[in-house]
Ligand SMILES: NC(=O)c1ccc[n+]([C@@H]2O[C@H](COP(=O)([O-])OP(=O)(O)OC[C@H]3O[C@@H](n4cnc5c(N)ncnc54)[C@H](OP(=O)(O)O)[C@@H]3O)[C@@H](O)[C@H]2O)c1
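Only one chain comes next, encoded as structure tokens, the form predicted alone.
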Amino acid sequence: MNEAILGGLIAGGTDPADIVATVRRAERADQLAKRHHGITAIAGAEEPDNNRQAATGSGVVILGVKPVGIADLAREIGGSLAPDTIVISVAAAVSLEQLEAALPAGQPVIRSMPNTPAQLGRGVISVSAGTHCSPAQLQLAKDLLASAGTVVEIPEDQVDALSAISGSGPAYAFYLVEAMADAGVELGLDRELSLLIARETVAGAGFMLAEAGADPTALRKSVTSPNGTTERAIATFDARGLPSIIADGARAAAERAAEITKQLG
């Protein structure tokens, strides 16, 4: 995810010379430097102070470690941050309150929730501003993240709901492809062929949905002829309660996100 954002920043016009990436291993640092020519990549194995070095003099710092390590990282770099440095966290379940408590008082903080299609520049990236983040600083963050996908601004109390839809959502689509492929095999198709057509069908439908202003209901109706095969399939999905199953799954994901936040804080 972090490399997806890194690639998006460069694709969006950010000068690679202005980017410093920190990682644990020297091999990973070399890989990043070669793949994204012009950036500086510092490995903790060689420079134990690499995070503080990167934070010093930076206008924007993106924290992309696992949720359990965010508070420690924030405390580690706190003394190296300028008062107006914008700190963006892309860690799930770590609240703005937890971030602000681990950083110097008054530090501008933004909580962001990207999803994996950001790797292709087609992600959904939410931003929620902290107590000391100005509108101009929030706009800067939006502009930086926009190269990785669609940026939406939401209040923090909606982050868990967004995560249940966009954060976990790619897995739902992949799960659908698995189920469609299995269904094709049951109907007599070769496994490899069934997976191919299921994958390409969902990908193609995604491209149709990506058109500006595309209405999923209108698209569905356009391929659902009265008394036809698709109508019969949709009626079966409805009768088996598929919409409710999806809603229950999303609710469970949101509840789990809230549980993790409590465990971390």
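The structure presented is a predicted model; accordingly, all values stated were derived computationally and were not measured. Residue numbers here begin at 1 and follow the sequence given.
Beyond the structure shown, there is the form predicted in complex with this ligand, which is absent from this document and is the topic of what follows.
Student: Residues in which of 184 to 192, 111 to 119, 130 to 138, 97 to 105 have heavy atoms within 4.5 Å of this ligand in the predicted bound form?
Tutor: Stretch 111 to 119 is the one.
Student: Note which of 36, 221, 199, 28 lies within 4.5 Å of this ligand in the predicted bound form, where distance is taken over heavy atoms; exactly one does.
Tutor: Partner contact (heavy atom, 4.5 Å) among the options: 28.
Student: So which of 162, 144, 73, 81 reaches within 4.5 angstroms of this ligand in the predicted bound form, heavy atom to heavy atom?
Tutor: Answer to the contact question: 73.
Student: Flag residue 23 as yes or no: does it have a non-hydrogen atom within 4.5 angstroms of any non-hydrogen atom of this ligand in the predicted bound form?
Tutor: Flag for residue 23 set to yes.
Student: Residue-level contact is defined here as any heavy atom of the residue lying within 4.5 Å of this ligand in the predicted bound form; does residue 67 satisfy this criterion?
Tutor: Result yes; residue 67 sits at the interface with this ligand in the predicted bound form.
Student: May I ask you to state whether residue 51 is within 4.5 Å of this ligand in the predicted bound form, using heavy atom distances?
Tutor: Looking in the predicted bound form, residue contacts with this ligand include residue 51, since a heavy atom lies within 4.5 Å.
Student: Test of understanding: in the predicted bound form, would residue 45 fall inside 4.5 Å of this ligand by heavy atoms?
Tutor: Close contact exists here: in the predicted bound form, residue 45 approaches this ligand to within 4.5 Å, heavy atoms only.
Student: Suppose contact means any heavy atom within 4.5 Å; which members of 78 to 93 contact this ligand in the predicted bound form?
Tutor: Going through 78 to 93 in order - heavy atoms within 4.5 Å of this ligand in the predicted bound form - the hits are 90, 91, 92.
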